[in-house]
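Shown next as structure tokens: one chain only, the form predicted alone.
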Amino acid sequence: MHIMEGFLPAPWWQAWFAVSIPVILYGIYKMNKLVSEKREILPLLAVAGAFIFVLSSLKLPSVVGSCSHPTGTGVAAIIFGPAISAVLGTIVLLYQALFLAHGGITTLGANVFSMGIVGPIVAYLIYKAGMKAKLNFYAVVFLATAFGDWATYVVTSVQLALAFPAGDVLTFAGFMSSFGKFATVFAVTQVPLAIMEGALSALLFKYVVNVKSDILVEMKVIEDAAVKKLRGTSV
């Protein structure tokens, strides 16, 4: 999500930085460790980052006067985990803030938390739970990426409601009133967008399974036996 520059008042924009920075630092550590062990993974990291950039740059007008967009972070979360996804999301959001006027520098912490941290965590947990339950791989990818997208906008609604509660005083009633309004604004376009992102992500993984499944096995995204089953070959 791209909360615009200067939109969040103090102390909220500082608080989201304080929450996000430790996760980003841990993600940098995880990424450096992964790259040092598997240099061949660099192109896949770049592709995952590009996927986030392209999808999250598609700002689509909402019928309620706002803008919505896919996030693309669910795919990275499934492959690399939420910590590394947070780093990729931060790089994308920083570039967009500096060169595309999407989001802002003061609101970067809040945007990273919603799109780069919570969204990937939700996608990752749903993916792991779905695979543990032995559900269909593509259905799990669809659910993980769609719910990761929705989680991003739920968190953004929370962030805005905390900063701008009804009545200008932060009470539970004021927070819930504002949260309902913000969430409703986003839901009109974000519900179908998340469904489309889930379908696109499932198609992307179907392509990877068919042409480059070894990378998914190496990253422990899916077991080799499951890949062979999906491809219709003998185990």
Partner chain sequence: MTNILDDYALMSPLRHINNWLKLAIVFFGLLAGVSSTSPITPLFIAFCMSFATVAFGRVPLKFYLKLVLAPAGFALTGVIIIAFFSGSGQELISFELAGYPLAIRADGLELALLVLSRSLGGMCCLYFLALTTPMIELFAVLKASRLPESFIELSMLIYRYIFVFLDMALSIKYAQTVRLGYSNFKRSINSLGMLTSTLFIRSWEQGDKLFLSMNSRCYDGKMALFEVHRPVKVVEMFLTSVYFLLTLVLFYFTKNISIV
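Numbering follows the first chain given and starts at 1. Worth saying up front: this structure is predicted, and the values here are computed from it rather than measured. Each form is matched to the other, and the largest set of C-alpha atoms that superpose within 1.5 Å is called the rigid core.
The same protein also exists as the form predicted in complex with its partner chain; that form is not shown, yet it is the one meant from here on.
The candidate site formed by 34, 128 and 191 is entirely out of contact with its partner chain in the model of the complex, as no residue has a non-hydrogen atom within 4.5 angstroms of it. Checking 117, 146, 88, 140 for any heavy atom within 4.5 Å of its partner chain in the model of the complex turns up a single hit: 88. The shortest heavy atom separation between residue 170 and its partner chain in the model of the complex exceeds 4.5 Å. Its partner chain is not shown here, but in the model of the complex it comes within 4.5 Å of a heavy atom of residue 13. When its partner chain is considered in the model of the complex, residue 45 lines it closely, a heavy atom lying within 4.5 Å. In the model of the complex, its partner chain sits beyond 4.5 Å of every heavy atom of residue 176. Taking its partner chain as positioned in the model of the complex, the residues of 199-217 that bring a heavy atom within 4.5 Å of it are, in sequence order, 200, 203, 204, 207, 208, 211, 212, 215. Taking 2 Å as the criterion, residue 32 counts as shifted between the shown form and the other one: its C-alpha moves by at least this amount when the rigid core is aligned.
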